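First come two forms of one protein chain, each written alone as C-alpha cells, so that there is a structure 1 and a structure 2.
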Structure 1
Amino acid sequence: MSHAGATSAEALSVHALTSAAKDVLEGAFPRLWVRGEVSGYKKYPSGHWYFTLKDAEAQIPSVVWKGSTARIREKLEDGLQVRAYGQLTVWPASGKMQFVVTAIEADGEGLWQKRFDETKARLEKDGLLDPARKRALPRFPRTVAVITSSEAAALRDVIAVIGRRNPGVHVVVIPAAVQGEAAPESLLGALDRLARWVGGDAEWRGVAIPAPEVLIIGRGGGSREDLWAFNHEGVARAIAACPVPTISAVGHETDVTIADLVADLRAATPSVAAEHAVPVLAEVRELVTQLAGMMADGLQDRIQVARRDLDRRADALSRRAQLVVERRRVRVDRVAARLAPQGLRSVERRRARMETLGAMLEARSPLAVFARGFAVARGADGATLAQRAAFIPGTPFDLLLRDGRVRATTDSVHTDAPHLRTDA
C-alpha cells in the first residue's frame, strides 16, 4: 500500500511535510510539563517571548505567544530553572520543532525567592518596611474591616473569634479574591473601597455603622502559588497606604509574605489576627473597674496632698500675719511712746484754756449777776421789762431773783435812778 510521497510523482510539498510532522508530533505528545533552564530569552515588539529550554544534554526552542504572557507572573531571564507547560509542535514555516508554552512555574525556590527579594528590596528602599512607621492598633475598636474571600473558612474564624471576645464590635467584610490571576486586582479594589469609606466618600455615607478603625487582611493556608497574590508589589503598597492600622494574616505561621512585612502587625493565622484586633469585653470591663479604683485612689491621694498643702500654706500665712501684726504693734508702740508726751502737753494746754473760758463764762453768767443782788423783771407774757416805760402802774409783773420769783404790782414809776449815780 502506497502513501503520499512514496514515489517521485507523489512528492509532497515542503509545507505539506512540515504540516504532517506537526500533526503527528502534536498527536503523539499531549500538553505536558517540561523542566529546563531558560537560555537566550528575548521579548519581541510583537509581545511574543522567545527562548530556549535546555539541560546538560539537550535543548528545545520555546515560545510564549502574546496572548499567554499576561497569565505568567514570572519574570524570565537567562539561567533561571523553570517548569514550563505547553504543547510540542512543529512550526511549518521553518520546519523546526518548538515548545509552545502557556504556563511557567519556578523550579525549586530560586525564581520565587528572587522575585520575593526584588520586591522586598524595592519596598525597603522606599521606607515601607521601616519598623518606625508601624502604627499601634486601636485598643477598643468599634468596627473591624476584613478583606478576604467571602467563602473562606478564615472569614468564619475571624467572625467567630470577634463575636466571642466582644459581641458589640461590628465586623465589615469587604470580599476579594485571594488566589489566582485576578487576586491582586481584586485585593487592590477592596483596599480602595476601604480607603474611600474611611475618607468619607459619598458611596459609603449611607452606612449606619462607624467607619472601620482596624483592618484584617489575609487568608488561610495554601501553596506558595496560592499565597502569591499577597507578594504582589501593588498590593503591598496599598496595604502600607491604608488609612487605618492593618493586620496581615496570610497562610500559616511558617508562611511569610510581603503583605506581612508592610502591615502594621503580622498574625500567624486569621484567628490570631482577630484576637489581636479585639480585646475580650470582660477583660475590658475588669480593666475599667481597676482604672476607676486607681483613679479614685489617685484622686483621694491628690485631695490629701492638696489638703496638706493648704494646711502648710495656711500655717505660713498665719505666721506671716503674726509677724506683720507684731511688727505693726511695735511700730504703734513706738509711735505711741513718741506721741504720749505731746498728747499730755496738748491736753494740759487745752485744760488751761477751758478753765480760762469757764471763768469767763462764769463771769458772764446771769446767775452770777443774780448772786450780786440784781433781779430781772418780766411781764405777764414773760417778756423782760428792761425800761421804765414797760412798767404801768397797777400792772402785775414777776421779779426773778437768785433763789426764786416775787409777784409784784407797779405802784408808781419815777425818773430818778439813785443806783446809777456816779457822784456818790
Structure 2
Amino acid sequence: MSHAGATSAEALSVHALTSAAKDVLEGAFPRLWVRGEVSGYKKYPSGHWYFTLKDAEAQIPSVVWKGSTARIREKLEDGLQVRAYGQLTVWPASGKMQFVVTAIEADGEGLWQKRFDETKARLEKDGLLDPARKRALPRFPRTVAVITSSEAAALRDVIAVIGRRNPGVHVVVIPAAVQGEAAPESLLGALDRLARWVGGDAEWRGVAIPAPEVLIIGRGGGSREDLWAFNHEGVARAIAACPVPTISAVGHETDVTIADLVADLRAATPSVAAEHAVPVLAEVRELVTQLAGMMADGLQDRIQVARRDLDRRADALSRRAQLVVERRRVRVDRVAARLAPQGLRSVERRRARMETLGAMLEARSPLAVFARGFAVARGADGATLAQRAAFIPGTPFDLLLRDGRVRATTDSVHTDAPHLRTDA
C-alpha cells in the first residue's frame, strides 16, 4: 500500500509533513479543556501571550493570540493553576505541538486563591477575623468618611444615597486609587489620614470639621485583578486598626475580599454601605418623638403610682387617727363623768368670791372716799402730800374735794391731831 512519502522518490517537503500532522491532530482532537500550571508566561510586544502548561510529568507549549486576550479576565502568572480551553495543533514553523488557548479559568487552587488563603490565614492567626472584634456601627453618625476613587460611580452612589436618606449628614471623601499597582499604597495613605484625623493629630488649614464616626471603604465591581488592592494584607490590617467602625463595599456581591473579612460590616455595594451607614432622617425624627412620648408617659405613670401610694397611706393614716380619737373620747367621757359634781361646786365658789372682790373694789374707789368728806392734798408738782414732812410752811398746795379744788398755803405744821388720839 502506497502513501505519501512511501518511497524516496516521493519524499515530502517539511512543510507538507507538518501541515499533514496539523490536519491529523486537529481532526483527532476537537476543542477541549486542559488542566495545568502556567509556566514561563510572557506577553509579547505583538500582543500574543506565550506560556507553557505543565504538570509533574509533561508540558505543552501554549499561546493566546492577541485577538483572544481581551476575553481572558484572569491575570496570568507563573505557578497559577488554570483550566485552559483551546485547540491542540502543530506549529509548522517550529514543528512543535502547540495548544492555542481562547479561554482560561483559574483552577480552584489557583495562585490568586493561594495568596488569598495565605493572607487570610495570617490575619486569622492574629485574631483580626474574630467575629467578636466586629464593632457596632454608630446609629446616628453626623459625619461619614468615604475612602474610594474620587472619579468613580461608587462615590456618586454613596453621596446620592446619604443625601437622600439624611441631608444633615456630612460626607468627607478621602480620595484613593482603588486599582492598579499604586492602589494599596494609596489606600494605606487614605486610612492613615483618617486615623490621624480621628486621633486629633491633624493640623488644619481653614475650618476643622468634626471627625467622622464611621468609614465606608470600597469601589464598584470589577475583575478579580481590579479588586486585588482590597486583598492586600497591609490594607486589611489598616482597616482592622481603623479608629472608627468600618463598612467595606467592594465589587458586586460575589467576590469576597480580605477587606470585607476584616471590616466591621460587609456591604455588597457602595450604595448598600451608605444605607447601612446613615439612618433615614424622618425615622430619627420619629424616634426622638417616640422617646419624648415614652418619657412623658413614664413620668406620668410614675406620678400616678406615687399618688396612689400616697392615697393608700393617707387612708391608713386617717383610719388610725379616727381610732385614736375614738379611744381618747371614750376616756375623756369617763373622766368627765367622774369629775362633774366637784367641777360644778368649784365654779360656784369662784363666782361668789368674784362678787365679794367686786364689792371691795367698789368701796375703795377714790370717788367713794371723796363722797364720804375726805380731801387729798397735792403739791405743785402734782404729788400727793400724805405726810407732815411734805408740808413746808409758806408753801402753797391744792386740796382736792368732792366738788372742786382749794388753793391753800401751809401756815404751820403740828404733830398732834384729833384723828391720832388713841384715847378718844
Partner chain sequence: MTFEQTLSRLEQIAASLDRDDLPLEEALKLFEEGITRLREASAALADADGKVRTLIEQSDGVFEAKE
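Residue 1 is the first residue of structure 1, and the numbers go on in sequence order from there. Here the structure is a predicted model, which is why all the values come from computation and not from measurement. For the two forms, the rigid core is made up of the largest set of C-alpha atoms that agree within 1.5 Å on superposition.
Between the first and the second structure, which is the form predicted alone?
Answer is structure 1, the other one does not fit.
Core-superposed C-alpha of Val284 shifting 2 Å or more between structure 1 and structure 2:
False for Val284: its C-alpha shift is below 2 Å.
With both forms fitted on the core, give yes or no for whether the Cα of Glu74 moves by 2 angstroms or more between structure 1 and structure 2.
After core superposition, the C-alpha of Glu74 moves 2 Å or more between structure 1 and structure 2.
So, superposing on the core, is the move of Ala241 at the CA at least 2 angstroms between structure 1 and structure 2?
No, Ala241 moves less than 2 Å.
Rigid-core-superposed Cα shift at Gly86 between structure 1 and structure 2, Å
Value for Gly86 between structure 1 and structure 2: 20.1 Å of C-alpha shift.
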